[in-house]
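Take a look at this single chain, the form predicted on its own, given in C-alpha cells.
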C-alpha cells in the first residue's frame, strides 16, 4: 500500500497543554481514514498539521515521500485542503466563494466555470451559483464548503466533523459526497468525527484518538466487530453493559444487568464484568423465535434511526438493546414505534471486555 502521508512521533504543545502526544500515523493513498474520538481529543489539531496550517512542536511529517519543514510547508499546503467544522464565507455569491481558490491558482475562466459547475452538481446544489453563500442554511453552507475544497482537486482532503449539527437530509448528502469523491476521484480523505455510526460505515480504516494519543488503528470491520477496551473507554457504545456474573453450572455464565435482564455468555469470569453485543449479531423477529440462541428477549421498539440502507432500532427488553437491520427488512416487517418484537443472540456473540 502506498502512503500519502505519515506522522512520526508528532507532539504538539500549546502553552502548558500537550494537545498531541507522540502520535504515529500512516495514511494510505486513496483511502478514507476516520479519526474517531471525543471532543478535545486532538482531532482538529492533527488535521491542521496534515493541512500544514500548524507545525508540530516535535516529530516529523512526511507527505508524498517528502519531509515537510518550515521552508517548504507552503508548497505542500497546495496539495492538501481542510474543511473546518464551521465554514466562513466571503460576502459574495456561492460561485465566487467556490471559484476563489481556483482564481488564486490562475486557472482559465472556462476551466473555473467547469470545475465549479461539476462541484455544485456533486454536492446537489445546482443552480445555487448566484445565491449569497452567507444566507444559505447550515447544511447548504457545509456542502458549499466541501464544493470549495474539492474544486481544488488536491490529493488529500481533510474534513473536521463535516456533519456536526446537520439535519438528516444534509447528513446523508454530505456522506454520499464523501464516498463519491473518494471512489470517483481517488482522493484520500481523513475524516475527524465523534459520530460512531458515521465512523463505522464510511471509512476503510479507523484511528481511535483520545487525550492527544492514537490508541488504536485498524480496519473498520476489525475495530467495530470486536469492541476494544480503547473504544469502550471513551465512546458511548451501543449494547455495552455492566453486570454481575455467576456460574450456570453448565459451562457458561449468566450476567445480571438489572431489571430482570440476564445475559448468558461463554466466559468463565465471576463478579462484576462489562460486555458488548454487536447490533449486527442480534436477530429480530415479530414473533417468538425458535432458535438455539441462549439469549431470547421480548421487548418494545422505543427508537428508530434511519441511515440510508440501514435502520437501527432501540428495543427495550428491560434494558435497551440496539439492533441493526436493512431498510428492506424494516419495511417488509412493518415495524414502527412501540411495536412488540423478539430479540435473540448467541452466548458466543457476547464479547466480554
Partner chain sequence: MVDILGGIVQAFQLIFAGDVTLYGIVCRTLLFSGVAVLLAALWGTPIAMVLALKHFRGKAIVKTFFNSLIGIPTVVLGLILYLVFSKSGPLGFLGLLYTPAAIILGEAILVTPILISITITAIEAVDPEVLLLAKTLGASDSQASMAVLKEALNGFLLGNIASFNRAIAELGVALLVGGNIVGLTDVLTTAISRYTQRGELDFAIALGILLLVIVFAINLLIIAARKVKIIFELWRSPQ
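Here the structure is a predicted model, which means the values were calculated and not measured. Residue numbers count along the first chain shown, from 1.
Although not depicted, the form predicted together with the partner chain is the subject of the following passage.
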Within 4.5 angstroms, counting heavy atoms, which one of the listed stretches 99-107, 176-184, 240-248, 161-169 is next to the partner chain in the predicted complex? 99-107
Using a 4.5 Å cut on heavy atoms, which of 111, 118, 91, 272 is close to the partner chain in the predicted complex? 91
The partner chain in the predicted complex has a heavy atom of only one listed residue within 4.5 Å, and of 294, 312, 62, 48 that residue is 48
According to a 4.5 angstroms non-hydrogen atom cut-off, is residue 124 in contact with the partner chain in the predicted complex? no
Can residue 281 be called a contact residue for the partner chain in the predicted complex at 4.5 Å between heavy atoms? no
Please tell me whether any heavy atom belonging to residue 143 falls inside 4.5 Å of a heavy atom of the partner chain, as the geometry stands in the predicted complex. no
Classify residue 261 as contacting or not contacting the partner chain in the predicted complex by the rule of any non-hydrogen atom within 4.5 angstroms, answering yes or no. no
Residues of 145-166 having any heavy atom within 4.5 Å of the partner chain in the predicted complex, listed in sequence order: 148, 152
